[in-house]
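The chain below stands alone and is given in structure tokens; this is the form predicted on its own.
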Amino acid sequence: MLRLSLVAVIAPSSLMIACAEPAAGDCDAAVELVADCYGGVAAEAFAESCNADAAQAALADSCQTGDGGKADAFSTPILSPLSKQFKYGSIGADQLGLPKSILRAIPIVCADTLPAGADPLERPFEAFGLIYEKGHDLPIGFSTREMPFLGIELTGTTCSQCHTATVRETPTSDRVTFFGAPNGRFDVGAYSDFLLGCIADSDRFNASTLDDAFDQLDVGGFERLLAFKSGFIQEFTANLREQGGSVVTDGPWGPGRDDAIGLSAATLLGEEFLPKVPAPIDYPSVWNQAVRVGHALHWDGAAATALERNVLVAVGAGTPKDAVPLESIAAIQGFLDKLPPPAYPFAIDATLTARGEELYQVECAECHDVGGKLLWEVIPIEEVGTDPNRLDAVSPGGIDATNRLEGAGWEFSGFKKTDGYLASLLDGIWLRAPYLHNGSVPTLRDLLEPPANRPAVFFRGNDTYDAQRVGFVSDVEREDGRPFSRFDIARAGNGNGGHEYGTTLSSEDKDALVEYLKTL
């Protein structure tokens, strides 16, 4: 999760009220107003560039503070329709984010470190699994915000970056996009390593190379001056690299996964709460949220409400604690509340499905069906038997520290330590591969096998669908010269054991059960 403070980009490390003549007094008053309305970071940036025109514009500003004070001052309009709000609406991370011109320049100045085949000018971040729409120069999952008085567009990550997926029927088919699905192609670790590694490399990332990149992107005006602040960006991101590097890993997470607990501890809680074990998890689906209201959330059931979950994600992504845009986040949640699970898009065998439904009621319904007595319950780790690292990564002390977090308009109290993993609905289960909380089982058909018979090594990141086994193609190492990510269950946190339900069925019955699961 890349977080960049604008003060590190365009202002010195200490506040300077240094204004262009002839408006020194006006600049002093304008900087004070900016600080009152938008906080010290914006004021510090504004002070560096203040002149008579900027001071006049600032002093005429209405400040736009609402009941949330500064939490509302940087609010952006709710986008319409709400699907657009989900894709590009702000969760607040763009308030202190990377300038859009810099983000677009990085693939150009570090083109030689992009994955093979990536175009530094055209959709460069597709190489990391992000999804572009026609007419957009940034992928789904980025919001933008214009910095008051400066005219710079800042960028930030949003929920849809990890929760929008594509599916191909065959390797040559067009990609179909599904909202709310886990993005099994997005490699957030590789993406962050690329950005931070580029910024840290002064041979590639410097005033001269950025200036050349801005020529190619036709960037001018005040944004052009950002090239000469590259040293501040490098200084700031050194801290981000250190925080990310403190998370315990046993190799790359690969696409569709991260270590949410480790990252949260590193960025929000402090070194003493860092997990001692790697705990990579898959991105979950986020559709059909209304039916989940009042029930536990997260893989381990540690979150009590969607609001607390969403605010934790926002501040973890870099949103200032006193400036969480609650209305914007609520609009995104409103879209997800009503977003239905996607219907299976390929052919289904009706006869096999009828038999599979009978098996489902016996083998699965108690934990996963509406009315099942264990639905929304945390199943103890001793019973479910899946990899324990995600559970072990959460400490009581870390929960207490999380529940002490607060900001303007919000506070936490509902996070808890549990003893297992949550039994949830299987809505849209066909699109939630790979399976288990850590994505260690590639297909539903594999999940119905005893752990010893499940694949010990497979490849992640392919969006070509395996309709027979229900999941994504996982036995292909590369496509068009680009390698997929090798998943090995021997790595810490990658265990594929446990969840031995339905594993004693006959092969024919397993096929029937999988056919029915396509319909959920």
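Since the model is a prediction, treat every value here as computed from it, not as a measurement. A residue's number is simply how far along the shown sequence it sits, counting from 1.
In what follows, reference is made to the form predicted together with heme C, a form of this protein that is not presented.
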4.5 Å heavy atom contact, residue 95 to heme C in the predicted complex = no
inquiry  = I'd like to know whether residue 155 contacts heme C in the predicted complex, with contact meaning heavy atoms within 4.5 angstroms.
reply    = no
Distance check, residue 258 to heme C in the predicted complex, heavy atom within 4.5 Å = yes
query = Going by a heavy atom distance of 4.5 Å, is residue 422 a contact of heme C in the predicted complex?
reply = yes
key: Contact stretch among 400 to 408, 342 to 350, 277 to 285, 212 to 220 - heavy atom within 4.5 Å of heme C in the predicted complex   = 277 to 285
ask   = Every residue in 87, 147 and 326 with a non-hydrogen atom within 4.5 Å of heme C in the predicted complex?
value = no
ask   = Though heme C is not shown, can you say which of 164, 386, 389, 319 has a heavy atom within 4.5 Å of it in the predicted complex?
value = 386
key: Option touching heme C, based on a heavy atom within 4.5 Å in the predicted complex, out of 104, 437, 204, 355   = 437
ask   = Since the partner is left out here, which residues of 302 to 323 would have a heavy atom within 4.5 Å of heme C in the predicted complex?
value = 309, 310, 313
